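Before any questions on binding or motion, here is one chain by itself as structure tokens, the form predicted alone.
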Amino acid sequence: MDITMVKAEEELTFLLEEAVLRGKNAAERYPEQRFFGYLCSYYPEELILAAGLEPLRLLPGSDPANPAELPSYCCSLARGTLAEAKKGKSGLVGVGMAHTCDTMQCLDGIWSDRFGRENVLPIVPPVLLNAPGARRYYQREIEELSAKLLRLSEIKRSFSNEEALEWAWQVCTRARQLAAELDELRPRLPSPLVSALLRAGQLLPKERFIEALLTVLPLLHIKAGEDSGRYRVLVSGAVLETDSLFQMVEDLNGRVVADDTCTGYRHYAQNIVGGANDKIRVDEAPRDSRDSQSQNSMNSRESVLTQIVQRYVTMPPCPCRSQGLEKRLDYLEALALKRGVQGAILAIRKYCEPHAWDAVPLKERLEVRGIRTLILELEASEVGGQERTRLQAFLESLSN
């Protein structure tokens, strides 16, 4: 094996280890970085990077958690991340909340009371992403968030905020391009391997992830086999902090060829669903143009913010966001047909109402297309004996 492949194997092992660690002690392992935690893919990573911080997706620990501040009927994601935060070992500069549901909105207030409002920075993305004025509103939200992040980081740079935003946009775009290349290989690679690599990209310093994945992708192209004859499955759901479900599908002769999860490819996908060519509405530039340098700086910043808004408005929507009643169903139907899916697994975290409500029309739409669909409720991301029985029966039914 030549030295390039040896390096690729080392980097692959590194990425898989990071995926298993789930961001634990990230501040200690990367002391040159300052991490800012976030809980939702609608929280703009670009703004965190531009403020001189590293985005770190917050995931629950392995042990069951029932913090006193939250009732037991809240999802394990909310309970688990709060319990981890109360241990006080994260080393985070701050935490970002994107309002997605009532539980997360309450969690924002709980974290603020406990850890200080100045360290907890919420953002409220528009629920109706294509509503009149939604983009203009979203841009105002991220402008205010950008200013708060800069104040929180207290960073002093030799270049302007506009240059920092442009750099951050390029870094995130590159990470998404590499993730898209990995996702194209998904049907020919083991399911848990791909899910772990995509999760690692939300836990590592962004440039380190890009460096590692660039080295690993040639190796993955070599490892990618031919169609193995496994049952071709789509998995859709919220946060899956482990590869347990993907591993069980693989063990039962299945292959996840399409992924629509918050910690999977949906986190990276951009300009997939409608609106990619829509005219973006932004505020008019100031009429006083005596200072042309200041004017150009304003236009540059507006341009980057516009790209950021466009990306988050047109990424494949989760059940907490709407681009119209049929857009999410259309996207998942098209994805399933493109990848030749035989069955779909809708993994719903217990007490996650948005995904539970979404499951019924989604199941109906896919089954009309002849795609059998299993709604699988999970307490966390781990699957056990009961889930195995249901998954085995479901996958075997696909042969009919």
Partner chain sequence: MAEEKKYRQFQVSKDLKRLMAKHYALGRYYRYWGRPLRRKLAWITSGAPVELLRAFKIYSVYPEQYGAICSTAKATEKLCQAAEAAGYSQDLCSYARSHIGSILRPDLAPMQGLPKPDLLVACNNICGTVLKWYEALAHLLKVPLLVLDTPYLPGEQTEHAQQYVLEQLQSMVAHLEALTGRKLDRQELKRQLTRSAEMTKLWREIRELAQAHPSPLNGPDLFIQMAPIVAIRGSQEGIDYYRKLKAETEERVRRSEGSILEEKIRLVWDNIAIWPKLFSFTKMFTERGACFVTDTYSGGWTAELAPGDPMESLAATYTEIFLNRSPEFRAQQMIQLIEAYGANGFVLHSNRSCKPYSLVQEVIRRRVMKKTGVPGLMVEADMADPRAYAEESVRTRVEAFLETLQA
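On a predicted model such as this, the values are computed, not experimentally measured, just so you know. Residue numbers count along the first chain shown, from 1.
Form predicted in complex with the partner chain: not shown, discussed below.
Quick check for you: of 123 to 131, 207 to 215, 308 to 316, 254 to 262, which stretch puts a non-hydrogen atom within 4.5 Å of the partner chain in the predicted bound form? Heavy atoms within 4.5 Å of the partner chain in the predicted bound form occur in 123 to 131.
Would you check, heavy atoms only and a 4.5 Å threshold, whether Ala356 touches the partner chain in the predicted bound form? Yes, Ala356 sits close enough to the partner chain in the predicted bound form that at least one of its heavy atoms falls within 4.5 Å.
Quick one: does Val360 come within 4.5 Å of the partner chain in the predicted bound form, counting heavy atoms only? Val360: yes, in contact with the partner chain in the predicted bound form.
Would you classify Ser322 as touching the partner chain in the predicted bound form, given a 4.5 Å non-hydrogen atom cut-off? Close contact exists here: in the predicted bound form, Ser322 approaches the partner chain to within 4.5 Å, heavy atoms only.
Verify the contact flag for Lys89: yes if a non-hydrogen atom of it lies within 4.5 Å of a non-hydrogen atom of the partner chain in the predicted bound form, no if not. Although the partner chain is absent here, Lys89 would stay clear of it in the predicted bound form, with no heavy atoms inside 4.5 Å.
Of Gln170, Ser160, Gln105, Ser228, which one comes within 4.5 Å of the partner chain in the predicted bound form, counting heavy atoms only? The option sitting close enough to the partner is Gln105.
Among Val304, Ala175, Ala200, Cys74, which has any heavy atom within 4.5 Å of the partner chain in the predicted bound form? Contact residue from the list: Cys74.
In the predicted bound form, do Val20, Ala147 and Leu193 all put a heavy atom within 4.5 Å of the partner chain? Per the other structure, none of Val20, Ala147 and Leu193 touch the partner chain.
Taking the partner chain in the predicted bound form, which residues of 33 to 72 have any heavy atom within 4.5 Å of it? Sequence-ordered list: Ala68, Glu69, Leu70, Pro71, Ser72.
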